[in-house]
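Quick setup: the structure tokens below cover two forms of a single protein chain, split into structure 1 and structure 2.
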Structure 1
């Protein structure tokens, strides 16, 4: 197994920690970097994770480096100030953060200028998908680089697709978030309606969950909404970041997306009321039945 590439992983949070854990379990030598040391990172260290003191140190020792960060500004600073200056020619840099398509294209150009390769590979599936290695992975970049990364992706996800060139993975993730935005609103509205009508919303979920309304938002987040369990799988502050990127990209394409605009308004109201670190299922609190 020692002929496997050494992998660096920057960003060992709710998503990144279990993803890195799957790579360790598959026999990869994994080095990790995070701004803070949490209990989940201590668990990874006990399983064989090697610690890097900086993104630069991570890039200097690894063949493939993955970033799973919070915001585009985080991605840009970690790549331009740490990874790219230290990466050796031939290093494959993969950003799995949900970020800006235009930033993904710029970073791919910067990587090529250093003799490195880059992929943008955002994911869908939330913390559940990260823990179960069932993520959907949407990839932008060159076909040869995708082929090199595929065995690594297969340890973290189930549905893995090369969508197009640099930035295409991020555009695909924006489409994903646009669908989620209206679906999670619909779930909250439907359950709020059921409550207002005097129905048992749990029975409503049982009735409609297997039918045409079926979705992750309904069947996984719906019960959490009813239980008032707003612990994050995906934080509102990160979802608002994604909705903002999608609206900016849509405006550049002269595309009007009224459902997306309404979703952002509701989630901004939710952030003001409950903060940005609750899960997206907390949107039910924006409705009378929440």
Structure 2
């Protein structure tokens, strides 16, 4: 076991905790840091997680440090104020938060200046994917660093791809969210129309679900929309964070994405009406009769 790198994990929430748990189960020595303690974290401690009192303490004792935080501002402060000043040269820092591609590039440069390596490696698959170790992991960075991280990623995910250099993982995740934004909007619009036309929407789903309209959003979230089941697989407030990053990056590239703009406006209206903690399928509530 002593050959395995010691891993630090900062951010032990609904995603991070099960991910760190998989690493412990695989025999890694794992240290953890989180702003607050929770029953989820107590369980990890009982399974052998070592506790670190600060990001700096975490970085000082680990070979690979993973962050799984909330917002880009969290990533920036944890990395620049905690991890980077304390990390030993040669440490590999990996941000698995969905965050800004531009920030990922800046942090990779800052890490290199310290003699450290960095990867951006956001995931998709949600809390279910985190619990089942079936996440998709989209990675940006250097090939050698990807190779070094791959055995660790393989404990947490299934589809793992090096997309390109620093920031490319975040860009890929943004592309994913951009596709989803209009797809979930189209799903909500089609089902709202069916309902307004007086059709039995379950019959409509059955008829159109297998064809050219088919999607994860239609076939998996469509039935939840119709049932009014707005329990979050993925929360509106997190999706809005991602759409904001995507629009900012697109603007910097002078790329206009009107479908994305429209979807964000609907999700903002939804957040005002129902709060940010409902699932993205609640977008159907933004339509008459939804």
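So that the term is clear: the rigid core is the largest set of C-alpha atoms that superpose within 1.5 Å between two forms. Numbering follows the first chain given and starts at 1. Computed from a prediction, not measured in an experiment: that's the story for all the values here.
Here the chain taken from the form predicted on its own appears as structure 1, while structure 2 comes from elsewhere. When the larger part is held fixed by a C-alpha superposition, the smaller rigid part turns by 11° between structures 1 and 2. For residue 190, the Cα shift between structures 1 and 2 is 4.6 Å when the rigid core is held fixed in the overlay. Note on residue 280: its Cα is shifted 2.4 Å between structures 1 and 2, core used for superposition.
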